[in-house]
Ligand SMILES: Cc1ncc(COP(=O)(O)O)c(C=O)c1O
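To begin, one chain is listed below as structure tokens, in the form predicted alone.
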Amino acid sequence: MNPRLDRLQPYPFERLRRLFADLQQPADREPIALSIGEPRHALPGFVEPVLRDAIQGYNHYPTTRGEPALRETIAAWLQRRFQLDGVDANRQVLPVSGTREALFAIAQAVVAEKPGARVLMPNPFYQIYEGAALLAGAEPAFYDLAAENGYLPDFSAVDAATWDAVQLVYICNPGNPAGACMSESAMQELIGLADRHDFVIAADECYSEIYHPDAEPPAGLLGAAARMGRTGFERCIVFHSLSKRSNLPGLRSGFVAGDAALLDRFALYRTYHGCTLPPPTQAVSRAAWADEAHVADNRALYAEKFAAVVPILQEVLDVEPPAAGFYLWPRVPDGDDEAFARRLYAEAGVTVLAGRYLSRSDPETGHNPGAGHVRMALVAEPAACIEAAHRIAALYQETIF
């Protein structure tokens, strides 16, 4: 067996299951799960008829690069969304079977295995980044997302030796879990670092379309590159998905876009190890990327939930609505996120994710930037989210911050 598999840490939800192993949820209350970021809004209305019309596509093998019509639709969406003058649908866009698979696979294609190789990632982080680094033969390195910096990256805190060893940098923008959004100028500074230290930037932008309807859309890495005059998006690749944007997590459809030379190599890798999109999936994907009405409806529903839930929780928790995304990242009473999660599960029937499970502790100081927080995913129907907030507030009414 591959010995690197032994270095993979338990997934956050496995750790949560163990945390609750000796507990029972209240029998008199309907359980409410705010732990997993699985969108549960209604499917867009076009999905069923498009899928029905495309059903004969299951008779054909799909190609690794996907159908031209899908790539062209994605390229057009990128141009509209990020104000790009041009995106080459043939060489700068690659459909993938969801961003999870692609975010893992990019490290296998980009990292050159050698002593001291590093992959830099946020902390807290999506655990796929760490597993991708380890199985590519590199060591994970972290940059903390701290409250005192607005949960944004501080790349000046990364030491020179780490920069010299880094081959790949993951950013998540908007961030998971805090929902903070990097500015275009901050991304341009990172591109400058990539030039100086010779690494690739992989931008996980799967939450980019979930923001308040009255707010400016979050910036994107390709837009930042283009405004620097880098229309070839050198060293830059972005990952987008229909899971969050279009409430289609089971479709397993997304795309990677950016530097054509990188995507050529990535396409070669995926020819040998990558799930191609079935033609009916591509048909639904094309319809989804071409339509913005359902995305606007999605944003409005999340905004409605934040507006209702946050004031209730603020009675007992240190919490603010995020700039983007569908998570809340509150600080918890006494700073013990595991104890908080256990109490909510056992006494309120509400499941949240302990923040320390999304982070790694500093081996020297023991500091874990996720400890003392929990992640709450407002993915359920509004009534369930509001009910969960009331249950939490009722448990902690006597706590003062």
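Just so you know, these numbers come straight off a predicted model, no measurement behind them. Each residue number is its position in the shown sequence, starting from 1.
The same protein has a further form, the form predicted together with this ligand, not shown here; the description that follows concerns it.
Each of Leu103, Tyr207 and Ser243 is positioned with at least one heavy atom within 4.5 Å of this ligand in the predicted complex. Using a 4.5 angstroms limit between non-hydrogen atoms, Pro279 is distant from this ligand in the predicted complex. In the predicted complex, Asn176 approaches this ligand with a heavy atom inside 4.5 Å.
Though the partner is left out of this view, Cys172 does reach within 4.5 Å of this ligand in the predicted complex, counting heavy atoms only. Although the partner is absent from this view, Tyr126 contacts this ligand in the predicted complex, with a non-hydrogen atom inside 4.5 angstroms.
Residue Arg252 is the only one of Arg118, Arg252, Arg81, Arg299 with a heavy atom lying within 4.5 Å of this ligand in the predicted complex. Proximity to this ligand in the predicted complex, defined as a heavy atom within 4.5 Å, holds among Ser285, Gln92, Thr99, Asn247 only for Thr99.
The stretch in contact with this ligand in the predicted complex, judged by heavy atoms within 4.5 Å, is 126 to 134, chosen from 310 to 318, 146 to 154, 184 to 192, 126 to 134.
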